[in-house]
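In structure tokens, the next block holds one chain alone, the form predicted on its own.
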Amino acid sequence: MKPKIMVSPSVRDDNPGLLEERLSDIAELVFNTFRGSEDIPSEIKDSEAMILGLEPVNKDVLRNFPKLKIIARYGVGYDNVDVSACTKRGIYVTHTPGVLSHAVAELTIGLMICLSRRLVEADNYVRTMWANKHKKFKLEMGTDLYGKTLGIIGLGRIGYEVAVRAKAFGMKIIYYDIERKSEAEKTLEARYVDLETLLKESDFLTIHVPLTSQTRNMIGEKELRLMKPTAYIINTSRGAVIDEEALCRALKECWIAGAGLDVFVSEPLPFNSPLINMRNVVLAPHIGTYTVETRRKMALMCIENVRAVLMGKTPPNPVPEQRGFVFKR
């Protein structure tokens, strides 16, 4: 019998027919999902591989999958997977680094432009007020990106691509990271600063770090109060990197000028969230990688990782914690 691969339906929906075309020769594909250890369908419990979206995987979930050899995460972030528990069981965890950097960087710049030129308000103005001669309303003026300072927290693959695009707009680049990036400093004239300096000097602040115990709530009330009242914050990484309650206060009380958010602590964003009715916020439904080209590349990388493991090889894209590991099962 062929080994079984559980595939999150969302991955199939993004890539109709691709997984069947590339994996059905070596495995049986089952498109199903779960929300936790208590609702795992019986038909997937003998899976040897998983291609997952944001399904949570912890030690309680893993107990239901005695044959599991690999979890291929459909994305670059993997904070929903307990890597330590997987490693103890000899289960590979892989992700899709590199292929999504351009798409996320483009969205980041898009959110910056929406904020700086007030495009959401401008769109609504054209649709509802512009032609009405009896309504006296003046659209608030925007601001240039040219000459402004962009502060980047996390100058990895995505952060670097954001810097490249921002440089083309004539922005000054400063960054904070756990390590210096000499190439970016040389080619983009990016200046390394500490976090406090970055917060104080940035006209636009964008975050590109994984969600870890060290980065959770790394931007809270203290940090937001250090920012300029004219500054904007952009987050396309993970919602919990920012203390959302503190951010709502900062936006409401005008500690900062606005925010562009693609990620949130709770997704989907609840309708009763204060962010919903704020005029100085641009919201997107976690679409950083949501392009035809990028989602296909992500799926192909997942397929490559799964094929390798089911054929007795090591996967080409393990998460950093498992680099160099070889599991025999």
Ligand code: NAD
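Each residue number is its position in the shown sequence, starting from 1. Please read all numbers here as calculations on a predicted model, not as lab measurements.
Heads up, the form predicted together with the named molecule isn't pictured, but that's what we're talking about next.
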| If we take heavy atoms and a 4.5 Å cut-off, which stretch out of 124 to 132, 138 to 146, 207 to 215, 226 to 234 is in contact with the named molecule in the predicted complex? | 207 to 215
| Is there a heavy atom of Glu183 lying 4.5 Å or less from a heavy atom of the named molecule in the predicted complex? | no
| Any non-hydrogen atom of Val81 within 4.5 angstroms of the named molecule in the predicted complex | no
| request: Report yes if any heavy atom of Gly258 sits within 4.5 Å of a heavy atom of the named molecule in the predicted complex; otherwise report no. | output: no
| query | Should Lys297 be counted as a contact of the named molecule in the predicted complex, where contact means heavy atoms within 4.5 Å? | reply | no
| query | Mind checking whether each of Glu179, Arg238 and Asp262 has a heavy atom within 4.5 Å of the named molecule in the predicted complex? | reply | yes
| said: Looking at Lys172, Arg117, Arg157, Arg249 here, can you tell me which has any non-hydrogen atom within 4.5 angstroms of the named molecule in the predicted complex? | reply: Arg157
| If you check Ile242, Leu150, Val93, Leu100 against the named molecule in the predicted complex, which one has a heavy atom within 4.5 Å? | Leu100
